[in-house]
Every structure is written in C-alpha cells, then in structure tokens.
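Before any questions on binding or motion, here is one chain by itself as structure tokens, the form predicted on its own.
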C-alpha cells in the first residue's frame, strides 16, 4: 500500500511540476531571463510540500541552503531505512551476494549510468565529491615537470590533494583569478573562459585543468562543452571537474553540460539531488584507464585490476578497482537511486533544472531591482546561470552602500534564521579585496522551494536590510 501511495504522490507531483514549468522553455530562449515572469507561471501552493514529499523540513521552515546540504524526500528516507534493516538482518549475504547492497555495486552503478547516459564501467560510487576528486588527483601519475591549472575559487576538495602532490612531486600549480565581482555578473561564457584561460605559453600543454562546474563562491556555471574545447585548444590532457554544486541541479546527461565532455567528474548525491549523506559519484571517461596512467586509490583490487586481465583478454575497468574498497555505504547508494527516481517522477533532470533556475532568477531580479552593484552571480547569460545566487549585503534605503565584511554577512544570516529562513554567508577572493576575502550572502533555490517561499524570503530580507543599516 505504501508503494502504491508513493506512486500516486509522484504522479500528482509530476503533473503539478510540469504544469508549473510548462512555459519556461520560451522564457529561457532569450539572453535575459525574467524570474518574475516565470514565477507568475507557478501556482501559489507549495505543490511538493503539500504532497508530503519533504515533510521533514516542516511547513514553517524555508530552507535555502542546498548548496551546503540538501534535504531528503520521504521516499528516500523510507528506502534508506529499508536497506539498513535488510543489512542488519543479514549482514554477510548483504555484503557478499546481494544484488543491490553487495560490494561490487553492479546494479546501482548501472542505474546511475543509465540516468547519466553513460556506461556502468564509467561509474564508481563514492562517499562524496572529495573522495572522488582525491581518487583521481592522487591516482594520476603526475610528475615534477607537469603543470596543473586551477582557479582562485576552487574548493579544498581540489586544493588539498594538489597541495599533497606539490609537496610530494614538486609539480607546478597555476592559479587563475576570477574577475572582480562587479565585472563577473555582466560577462558571457566566452568572455569569462577567455579571461580565465587565455592562450598563453604558461597554460599551454598543462597536464590537467581542475575546475568546478558550478562555483559555490559566486554561483557561476562553466559550460562543460566550451570548457572542453578550451582545454583541447590549449593541449591540456585531463579535464577534471568538481560537480558538487551541479548534480541534481544541472542536467549533466546531455547538451553543453554533458559529463562526457570531461575526463573525470566527481559529484555528491546529498546536495541538490536530495539523496542521503555519504553518497557520491565519480565518472571516469576512459573506462580502460590503468597503471601507470592512473593507480587505484582506496582499492582492494590493485593487483587484479591493474596487472591482470579477465578471461576475454581485456583489462578490468578502473571503476571496478575503485569500487571494491571494503564496506561502503551500500544502503545509501540504493537510497540515492530513489532520489533519482523521485527526480524522474517530476519530469526528469531538464524540468528540475528549469524550476531551480527560475526560482534563482527570481532572487537575482529582486537584488537587481534594488542594488545591481550588490549582485555577484551572473544574470545575463543562460549558460552561466545556476541555482546559487550570491550577493553582498546592502543598505536598502541607500542601495549604493554595499558591504563586504564577514560580520555583516553573518549577522544577516543569523537574523533570517531566527525567522525560520536559512541561507548562508560565503567568502571568496576578489581583486578589490586586496588579499582579504570578501563576504557575501548565498541563496540556494532547490526543487522543494516555491515562488511563495521566495517572496517570503524577499520580504524579510528587505525588512532586515532596512533595520540593520
């Protein structure tokens, strides 16, 4: 009966979702997206919450921080509990032989691969994005003569393993700086990529380009297809992408953001996808990569998968070597599939992306209408848009008065939280900071958020900005 009820709820939510997003294709065709116009196409009801899918968040709590952690729909929680119960009742069989919970994870990897339009041998299930990036960066056979390119806005998931390699091998890490915040928001994708990756002797021939798909600091999305072309033009061998802020928000199974444009792509299941904690995905384009090009990290199968061949004479896929590494979060991986099913029940990744971006544009339009100088995130070019909106605090009555300090940003976050609205502050390097981080506010609009919630947030943000300055 429970499964039947879940199916009915999903079907209801999908109809509501498609109805609410049906006019978005036209709106997104232009270079400038109107969040207000899109919001008018939504019903004022909280369709997903009314259906009971995200009841754990509570009806009075407006959660706008999926860039840090996502929530979970009830179906994912139920799946996780069911898997844990099965594991506890028969641990040995669960680990050794169970199709869904077993150590090789063939079934779950196949389902994830199908969702991403790739092969099972391209997919390794991990605990999180950091784990996947470390598997790649520490596994690749970098030498002292190699160069690796990053930006000044990368997460520690990239910075940490690279710092280990710098100490260990002496390789060169080239850090490219993003433009100033007041310039960034007005750039298109070609201008931004040319700014970050100009055709120079310093960058040409680098061994790897390690970047984020969507930046947690500014909300900038780098289109993967254009990024791949840029890397190829500079003769860069590997494109390694941190997808922590993209998977579940961006459709990465097709088009200009298809993960197949990358060599390695690591992402989590617990943020925008709304899967359980301790779940992630690592995509490996060359399924037959092997030592000495890449050595398995966190693997129990080093000798089998690197030095020997199977009965057909072919080397085992590297994803297999990385997958079998002791007891992993198999109950969580299976529950992550339930999160994928939930997204598919809403119409799929493309429709989910449209809803998230439209709500995010509603936030951007609100800031632009009052203090354009405060907005950090891009707002003109569709290719650069994401569900993250980053802006500096400002005086509502004197909108040209913009603030960049950590204390002010945190005060606004804490004041909103007292009103049951959660966003977060974020610090990042900016040329105008003169070596000091500048702090801004970050709003994440997720699939469970609604136009009414955004309006409520905007109302209270306005009140706070009028009161504290």
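Numbering follows the first chain given and starts at 1. Keep in mind it's a predicted model, so treat the numbers as computed, not measured.
The discussion below concerns the form predicted together with a small molecule, not included here.
Contact stretch among 284-292, 219-227, 265-273, 352-360 - heavy atom within 4.5 Å of the small molecule in the model of the complex: Heavy atoms within 4.5 Å of the small molecule in the model of the complex occur in 265-273.
One residue of 128, 189, 260, 182 in contact with the small molecule, assessed in the model of the complex (non-hydrogen atom, 4.5 angstroms): Partner contact (heavy atom, 4.5 Å) among the options: 128.
Selected contact from 155, 109, 301, 147, since only one has a non-hydrogen atom within 4.5 angstroms of the small molecule in the model of the complex: Flagged contact: 155.
The small molecule contact at residue 212 in the model of the complex, heavy atom, 4.5 Å: Contact with the small molecule, yes.
Contact flag, residue 389 vs the small molecule in the model of the complex, heavy atom cut 4.5 Å: No - in the model of the complex, heavy atoms of residue 389 and the small molecule never come within 4.5 Å of each other.
Contact of residue 242 with the small molecule in the model of the complex (heavy atom, 4.5 Å): It does: once the small molecule is placed as it appears in the model of the complex, residue 242 has a heavy atom within 4.5 Å of it.
Residue 70, heavy atom within 4.5 angstroms of the small molecule in the model of the complex: Taking the distances in the model of the complex, the answer for residue 70 is no, it never comes within 4.5 Å of the small molecule.
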